[in-house]
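Before any questions on how it binds or moves, here is one chain, the form predicted on its own, in structure tokens.
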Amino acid sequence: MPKTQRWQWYVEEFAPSEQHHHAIDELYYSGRSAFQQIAVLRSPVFGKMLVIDGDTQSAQVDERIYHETLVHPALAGAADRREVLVIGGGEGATLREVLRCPDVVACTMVDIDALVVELSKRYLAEWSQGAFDDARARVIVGDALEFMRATSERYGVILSDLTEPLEDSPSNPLFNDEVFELIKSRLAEGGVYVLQASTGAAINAGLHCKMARTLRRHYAHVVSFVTHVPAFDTEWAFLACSDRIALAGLESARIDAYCAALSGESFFYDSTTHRRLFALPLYLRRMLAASGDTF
């Protein structure tokens, strides 16, 4: 009989009664920064994985699904793509996708956790693919709130690639009316603000809907879009916010022209995928239309 593999396991808890187990081939790092618990490991199914506070942030096999979804609808629809701000995004993959666009003159990335950036450079270079060294990249390790309060720069696109705003997360202070108003003040006329916005599955879309209701107080167009990310084991949701542009209605010809100009080969996003992202299931449309909590 073949010898049975004796695995170590990383266990991600979705709720007290729900868990997802990943076998571990190799553990590269496990420790704590000043802000959060961090692990970098390799799974036989998903390859290398970044885990923060017990939650999968991205995985080698499918991180491009998440990062292309976060970045490219916003850039495809924005009136001006020259200046982009990324809030969070320590792995460098969001930065990588932004810099694939030849219209981008400069991309500023602000992440509070130096250790996440350092570990990503050391162990997850496949994510950034040289983006940290691109002449157009400006990487700042620091508080995004302090940065936005101190700068007068305005950006055609702002992308928020933060962890979920749970009570013990360093992202928690970045989800309230004051911060959303500050972000909007840094957005250029006709600009687009897109944020990762928690899960969009039928069993746990409440936090996403709370974010959407709050952001409707600040923007004329607040639109949800959703895709399945296998390493997350759920539907993941995003929000696109603008006073001028409704990303759901972008013409296919505009998206096709945008995608044709990108450097490298896309894995997930094109005009067909764009339509799929914004075709929300009935349960989520009903939840988004209902009244409920806000931040």
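Source: prediction; values computed, not measured. All residue numbers are counted from 1 along the displayed sequence.
A second form of this protein, the form predicted in complex with a small molecule, is not displayed here; the remarks below concern that form.
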query: Non-hydrogen atom within 4.5 Å of the small molecule in the predicted bound form for each of Leu50, Thr163 and Gln196; finding: yes
query: Leu207 within 4.5 Å of the small molecule in the predicted bound form, heavy atoms; finding: no
query: Distance check, Val179 to the small molecule in the predicted bound form, heavy atom within 4.5 Å; finding: no
query: is_contact(Gly156, the small molecule) in the predicted bound form, heavy atom dist at most 4.5 Å; finding: no
query: Exercise: Asp113 in contact with the small molecule in the predicted bound form, heavy atom 4.5 Å; finding: yes
query: Which of 23-31, 41-49, 261-269, 228-236 sits within 4.5 Å of the small molecule in the predicted bound form, heavy atom basis; finding: 228-236
